[in-house]
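Here we start with a single chain on its own, the form predicted alone, put down as structure tokens.
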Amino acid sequence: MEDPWASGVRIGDAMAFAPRMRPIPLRDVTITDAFWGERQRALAEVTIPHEWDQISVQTPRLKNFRRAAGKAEGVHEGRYFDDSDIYKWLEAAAYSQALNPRPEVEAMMTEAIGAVAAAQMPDGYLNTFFQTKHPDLRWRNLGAMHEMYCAGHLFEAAVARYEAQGKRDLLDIAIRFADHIDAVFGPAPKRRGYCGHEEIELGLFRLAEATGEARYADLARFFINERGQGDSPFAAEAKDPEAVKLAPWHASLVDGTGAYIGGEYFQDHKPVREQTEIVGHAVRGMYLFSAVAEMAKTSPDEALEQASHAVWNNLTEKRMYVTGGIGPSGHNEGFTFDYDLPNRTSYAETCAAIGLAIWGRRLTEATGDAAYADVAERAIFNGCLAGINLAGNRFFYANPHESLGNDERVPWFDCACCPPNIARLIGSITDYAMSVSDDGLWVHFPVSSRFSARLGGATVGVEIEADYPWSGTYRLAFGPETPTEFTVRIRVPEWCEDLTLEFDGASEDAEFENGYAVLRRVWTPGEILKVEMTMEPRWLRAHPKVIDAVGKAALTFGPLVYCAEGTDLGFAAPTLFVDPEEEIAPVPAPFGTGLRALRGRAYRPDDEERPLYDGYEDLALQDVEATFIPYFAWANRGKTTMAVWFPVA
């Protein structure tokens, strides 16, 4: 295989953003994949009903909407942004219903949407916390209170329901709320402002695309452009007694002189076009720059593009875990400084990895550069999927990269942003795997499926057969009614050392553009393309400034990062020594459905009757047969020790 990057750039060059590709509508897709099919099944049968029980019975989230509508007694209970959990659940349910329709889930959705509709005010406003507790303080504290954040998730859920299921009920609610926000905020004489937790920008761009209403995209651009421009509305709110009453911590955004000091947490410290490092709260940053990619894609802006490249490079080259987890600190749920990637105390919120996958997908769609898809894939298969157990009903909020045996997933959280977020990612996974453009099909990673798409001006049936992520070999069968010319682009992952393409057993030469193998040709009915990507166990080492990984190695196989658990080793996983020169082979995993483990020779210290401190030359190691499992699958067999990075013998 020739160098796939010989004819393109990797990262950082000024590739102009443009709407290069779009997802395949879920209604046109049938998933037959063993890996993702199992997760889709668990989503429909377990996760969606489990989360519905949490939001409608075990917690007052749905009841808050009934209270806002005057159909239940009392005022809002729970966190002020709990409305967003209902909306994310609805988005996940819409995707699941498009792929695996279940009458009981549709009944749940109908009940939830009915409660949301009843709660909406005549002017379109919708937020149960303010409607029931502080009706006179609407939009008074934009920095802390998440009103726009909740609205953004409503918009995304509404578009998902409309596009995946063809139903407008939630979309009409979203339009009324968006019109209300657009009437209040915008250039003078409207009010200047934006949300402390970015999300509405993404929701507005999606709403604009679904409805054709340009005002919504213009409002999203306004929010992005105003951020960090100085004279922050958050600083004014920090001096407003009524705003501070809603969130006392907000007063800390200004110092004793009244100067604004809290901007980095909100990515509000400087204009977006001047930012070069990823700072502050990790999820907020991911949602902001995902929206920036959408903005730059539809409104060419070299400064925005350069800022996106710079911030992305800083994140992925200096501030990202090997699993695609991001945000090492629980103190700010976000970033600290370059190479600060501790293992045992890693925060790496599930939502942050999901946000990275969203941003990587948006940049892939805007640039056609596979390097962004590389990172999105790393985040999806490792940092994101670790947030949910194999059964689909237990969740991690933070994701450690080393454990002494006291970590386990739980059924729900008081702050429950992660469970419905991972559900909506799983439900929409084909949006990350495959795309279409005006000239053809893009395969970012293979998911066994059948779908039809407009390729080369004709409707073409496509079938993918794969055993990914366990094998790099897969097949694509094309079914145009008549010979049709279009382009197929196959991503060459950064972990793949060699790729071959075959038609009828004969090798096919391809061009390479920005990490994709490109086949431009006339395709005939029934033609089959076979793709073979080398997939071998590979040990990685980290930059020497990553203190927790000095002298250690991490094991990968294709897109997967592997770890070891004490359950398999019989001793504490962080004390396992490895030799990257030893042979490692794939084997069936000791648990789970269809999981693959890796097994090979490793070592453990001989710790019998040793003093606390001893001469280094006397260290004795014992041979052991070590089993490594995918990082996403750890903690599925009870509490146990775990490690991702291992000292090298």
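Numbers follow the displayed sequence, beginning with 1. Here the structure is a predicted model, which means the values were calculated and not measured.
From this point on, the text means the form predicted together with a further copy of the same chain, which you will not see here.
Choose one stretch from 432-440, 404-412, 249-257, 467-475: the one whose residues place a heavy atom within 4.5 angstroms of a further copy of the same chain in the predicted bound form.
Heavy-atom contact with the partner occurs in 404-412.
Hey, with a further copy of the same chain in the predicted bound form, do I113, A118 and G212 all fall inside the 4.5 Å heavy atom range?
Spot residues vs a further copy of the same chain: no contact at all.
Given that a further copy of the same chain is not shown alongside this chain, does P135 nevertheless sit within 4.5 Å of it in the predicted bound form, heavy atom to heavy atom?
Although a further copy of the same chain is absent here, P135 would stay clear of it in the predicted bound form, with no heavy atoms inside 4.5 Å.
Does D614 reach a further copy of the same chain in the predicted bound form if we count a contact as any heavy atom within 4.5 Å?
Flag for D614 set to yes.
Taking 4.5 angstroms as the cut-off for heavy atoms, does R424 touch a further copy of the same chain in the predicted bound form?
R424: no contact with a further copy of the same chain in the predicted bound form.
Hey, in the predicted bound form, does F503 get a heavy atom within 4.5 angstroms of a further copy of the same chain?
Contact check for F503: no, nothing within 4.5 Å of a further copy of the same chain in the predicted bound form.
The single option of L499, A553, A310, V518 touching a further copy of the same chain in the predicted bound form, heavy atom within 4.5 Å
None of the others qualify; the residue that does is A553.
Quick check on this chain: which one of D548, E485, D182, E463 has a heavy atom within 4.5 Å of a further copy of the same chain in the predicted bound form?
The option sitting close enough to the partner is D548.
Sequence-ordered residues of 319-344 touching a further copy of the same chain in the predicted bound form, heavy atom within 4.5 Å
Stretch hits, in order: R319, M320, Y321, V322, F337, Y339, D340, L341, P342, R344.
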